[in-house]
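One chain follows as structure tokens, the form predicted alone.
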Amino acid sequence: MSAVADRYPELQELGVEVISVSVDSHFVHKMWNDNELSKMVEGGIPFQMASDQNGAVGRAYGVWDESSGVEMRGRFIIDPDGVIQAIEILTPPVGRRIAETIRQIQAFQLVRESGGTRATPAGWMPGDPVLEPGPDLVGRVWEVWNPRMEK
């Protein structure tokens, strides 16, 4: 949460809105924000922290753990049309990397803006070459990209 909050201005520049959802009540969210998160990020969490106490959202997104009654950590990139473009689900001991989320958002935006005429290869970073799928690329991908080029 604090890592996302720290980079929230960058996400807003990309036109992204963040919504955090957990099984905790809004009272717990307030205590967590006031007593811990605000010590990690000046001003605390700047985006909505939604409560999903009955697990309806978690079930809909496939992160609800029925046996323990909690949600696994999930991250969903949803495009402007409401289509889920990326899903990442991790167990609690492993943290996420916000830089990778931002990179993926930039890649999805590049592909969307191109109308699907461009694709980003593995390891792509903003400014790197992109692929232009089509008959001319078939059998020639190796000329444009290969795994050894990945940083």
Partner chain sequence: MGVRVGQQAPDFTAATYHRGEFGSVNLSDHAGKWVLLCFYPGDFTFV
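Note that the coordinates shown come from a computational prediction; the quantities given were computed from them, not determined experimentally. Residue numbers count along the first chain shown, from 1.
As for the form predicted in complex with its partner chain, it is not shown, yet the points below apply to it.
A86 is the sole member of A99, A122, A86, M125 with a non-hydrogen atom within 4.5 Å of its partner chain in the predicted bound form.
Contact between Q48 and its partner chain in the predicted bound form is found at the 4.5 Å heavy atom cutoff. Although the partner is absent here, E66 lies well away from its partner chain in the predicted bound form, with no heavy atom inside 4.5 Å. Under a 4.5 angstroms non-hydrogen atom cutoff, its partner chain in the predicted bound form has K30 among its neighbouring residues. Put simply, E132 is far from its partner chain in the predicted bound form: not one heavy atom of it is within 4.5 Å. The partner is not shown here, but in the predicted bound form the stretch 75-92 reaches within 4.5 angstroms of its partner chain through a heavy atom at R75, F76, I77, I78, D79, P80, D81, G82, V83, I84, Q85, A86, I87, P92.
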